[in-house]
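Taking the form predicted alone, here's one chain by itself in structure tokens.
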């Protein structure tokens, strides 16, 4: 009887998980299907799910109208640049908080995380004026800086939790062997925290890739990433849903493929230290 109840519970949990996954994934699936519809089919009522005339015209139009690869290259530069700069600052900061804590460490971490609660629009005007006066508007360097600062609290928090799970005895043994601070971080700490660092890098790349608020307000042409590429299909004449869906699919496809192939590392990093 107990085994029968356990089996039913597993079936319910599994079915619930698949249902939740489908609900989450459905908007992406609908966008993908809409990208292969004509504009007329995209607005049809009731909407057609699979039975419509499939066409690749939207993708051809998007590639002809916009320089997709320039936008994609900007997204790559912004994601990788902000991630590299974030690690350069966050690794020593998280090391100091994890292995040389003070009575203010917890408060500092909470303060950093609290900055994520503030809506970005609240600081848009001063940030815009600073960028204008310093000549950073519509530049990759300016966007890398703002994305780096925006994601830095999350990077430090994640690395801090990973570093806390590394035994202090290992670092003390390295110091007794004469390891300097730089060698301790580079050759002892970072190799042991590779799963956590990898998941932090992946998460930061995803957050930077998907950031729309700052990229739409601080860029126009030269440094515009794929989020601006998508927004360009919203016009005063209205939304062209089929073409907008095609542009959105092309914009999210690289990051979805990256997440799919690195999901094992991402899950491993996010659960790093969870089981002793």
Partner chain sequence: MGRIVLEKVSKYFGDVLVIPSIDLEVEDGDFVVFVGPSGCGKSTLLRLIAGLEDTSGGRILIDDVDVVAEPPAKRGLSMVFQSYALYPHMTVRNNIAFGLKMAGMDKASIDKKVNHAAKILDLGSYIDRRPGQLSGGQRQRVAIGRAIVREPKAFLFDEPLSNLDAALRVQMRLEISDLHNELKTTMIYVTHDQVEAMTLADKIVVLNAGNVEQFGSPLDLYNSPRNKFVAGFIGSPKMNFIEGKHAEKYKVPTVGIRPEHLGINTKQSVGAWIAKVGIAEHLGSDTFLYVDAEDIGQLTVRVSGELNVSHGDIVYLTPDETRLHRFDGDGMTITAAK
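In this text, all values refer to a predicted model and were calculated from it rather than measured experimentally. Positions refer to the first chain, counted from 1.
What comes next is about the form predicted in complex with the partner chain, which does not appear here.
Not displayed here, the partner chain is approached by residue 187 to within 4.5 Å at the level of heavy atoms in the predicted bound form.
Mapping the unseen interface onto this chain, residue 192 counts among the residues with a heavy atom inside 4.5 Å of the partner chain in the predicted bound form. In the predicted bound form, none of the heavy atoms of residue 164 sits within 4.5 Å of a heavy atom of the partner chain. Heavy atoms of residue 73 never reach within 4.5 Å of the partner chain in the predicted bound form, leaving it off the interface. The stretch that touches the partner chain in the predicted bound form, counting heavy atoms within 4.5 Å, is 174 to 182, out of 76 to 84, 197 to 205, 137 to 145, 174 to 182.
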